[in-house]
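In the structure tokens that follow, the same protein chain appears in two forms, which are kept apart as structure 1 and structure 2.
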Structure 1
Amino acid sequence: MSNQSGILVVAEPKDGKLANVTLESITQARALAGGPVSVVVAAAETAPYVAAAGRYGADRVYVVESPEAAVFRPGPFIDVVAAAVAAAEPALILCAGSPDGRDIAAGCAARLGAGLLVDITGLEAKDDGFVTTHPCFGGTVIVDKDATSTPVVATVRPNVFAREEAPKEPEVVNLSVDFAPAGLLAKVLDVVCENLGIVSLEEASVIVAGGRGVGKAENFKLIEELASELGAAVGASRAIVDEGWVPHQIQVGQTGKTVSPQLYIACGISGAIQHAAGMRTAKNIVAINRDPEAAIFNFADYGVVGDLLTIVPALTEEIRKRKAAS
């Protein structure tokens, strides 16, 4: 490609809206682009996603609308993004740092013969190119990486960039991509979600997280009960993930997920730098810890010194009473 400019954001539809990481990527792209900010989206119905992209300042939206696009499969979705890349000729392609986004990013990089920068937590324009920040070696080292060729393909860690609306009416470009059965390689018969009803950490506005202070695996149910009453997502520190008390999928921190909720309740979490890196951008942080010298109190908005095994059940019960009375 020649005359490459601007940034293409690969949209991730999620529960009828664009995932937060897509909106964050559009916002960051607006601040950096030396050309148009474009978005590509494939879905059974694209209108809501086009509207959301425009609300956050996309100049152009490439769309592929097909019933077959209701369920993600790497092959055809990579075809969609490849078609958008050919049309937009971007200098940078941003994908979500999610399982689906990583599939798309790897496939696109392979097709384009381009380099792939993964799990970026920072992005700047420099000398007609881009520099990204990336945590390495379990988050103990943070490195800057220069892209040496274009286009650049990168996956963005959720909740590392701001989301800011900048409404405009984007140009909508329909792409022609074949979703014929012969090209799908697989037919989806049914979708079964084992964690139906569980709030996603990346999208949650309230998170209740537990750490080593819960004492033992059986006590983690206290964290889950409080989260259930609040309609919150459940998180955990690396310490208890390493102990095998909870799955890695709910780990918050440099080697887990980066979150930015309105409210983060940290129960029995010391506040080590690795955990803090994943949740310090929360709007309000409440810490419950029996150690008054715990590091988490240094950046918590509200602190409760005491045993979470007593405080959390009492808090859960009080919330139940208030909900019943309302």
Structure 2
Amino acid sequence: MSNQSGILVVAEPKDGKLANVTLESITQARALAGGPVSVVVAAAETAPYVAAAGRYGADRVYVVESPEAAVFRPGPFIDVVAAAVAAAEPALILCAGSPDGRDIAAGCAARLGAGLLVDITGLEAKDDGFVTTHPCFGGTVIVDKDATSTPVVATVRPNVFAREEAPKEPEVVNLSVDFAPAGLLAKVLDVVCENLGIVSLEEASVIVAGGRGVGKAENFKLIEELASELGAAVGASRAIVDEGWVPHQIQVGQTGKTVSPQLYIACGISGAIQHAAGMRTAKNIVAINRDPEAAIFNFADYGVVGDLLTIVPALTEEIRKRKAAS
């Protein structure tokens, strides 16, 4: 066996907080590290992230504070993680299952010549490494994998592992990194926030999604109002993205986002296989659809046959009343 041990979690900074999937990864790492749990974070200012990593029980935090790391770019972030791997010598490197996390994980694995395990929903230790679980083909097949060498790099699907605080004063190690010139060639011109306050779809524990059944673009606000009452993210089927009623960022499915929330409320969505591919692994699915034969009812945990144009606003009202009463 190699002398690599412990787990390195690559933090995903998000407006002063750590992404939930990072906290979930630290929590899971603590349960089975067999060695120290380290976190590496790169940002323009790292203090809040270091504090959050400590709150969730990281033993050590590697810090790179640099203006080059203010906005994500694959090159410099891969440089940072490679430096942390050299310092920590972990057996496993966990990255966020997000666009940034995938770029980092894939680039790092290529640089280290390491195995790459993508989109894990299960992680167990065994004598000489780890076994990971992956949903494949839109969740229709579940595969267990392992790596034949260490270290190994993995990306973690958000919302699958629990997140528990376990406060600790972590050791903080400042890393100095020489950024490779190629990665710095990409220059950030502008950061544009059009949807401020939007709940991240991939990280959301509740999603309210609308399909063609909403009837017309204006009615989508019914979906948004229910989502806002539930503190949920909004999703959509491709049908209404293609209609131009909603932006494509919120499309769920085979050619959109893959989500695993605790609760998915599908309103006026038929439940086509390409839509199901992106949401079948939700813990609970509630469906509202006028057509009793709609495919979505074949896999929804709770289904209501009826008109969403009356049920959704009534549901928003019920939730509001319930919140007011408590």
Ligand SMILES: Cc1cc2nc3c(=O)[nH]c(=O)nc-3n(C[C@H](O)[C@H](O)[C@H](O)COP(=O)(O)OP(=O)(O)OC[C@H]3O[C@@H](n4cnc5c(N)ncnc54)[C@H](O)[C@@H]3O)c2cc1C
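One-based numbering along structure 1's sequence throughout. C-alpha atoms forming the largest set that superposes within 1.5 Å between two forms make up the rigid core. Quantities reported herein were computed from a predicted structural model and do not represent experimental measurements.
- Of the two forms shown, structure 2 is the one predicted in complex with this ligand, while structure 1 is not.
- Once you line up the core between structures 1 and 2, the Cα of residue 130 stays within less than 2 Å of where it was.
- The two forms, fitted on the rigid core, differ between structures 1 and 2 by 2 Å or more at the CA of residue 291.
- A displacement of 2 angstroms or greater separates the C-alpha positions of residue 304 between structures 1 and 2, with the rigid core held in common.
- Core superposition gives residue 220 a CA displacement of 4.0 Å between structures 1 and 2.
- On the core-superposed pair, the CA position of residue 207 changes by 3.3 Å between structures 1 and 2.
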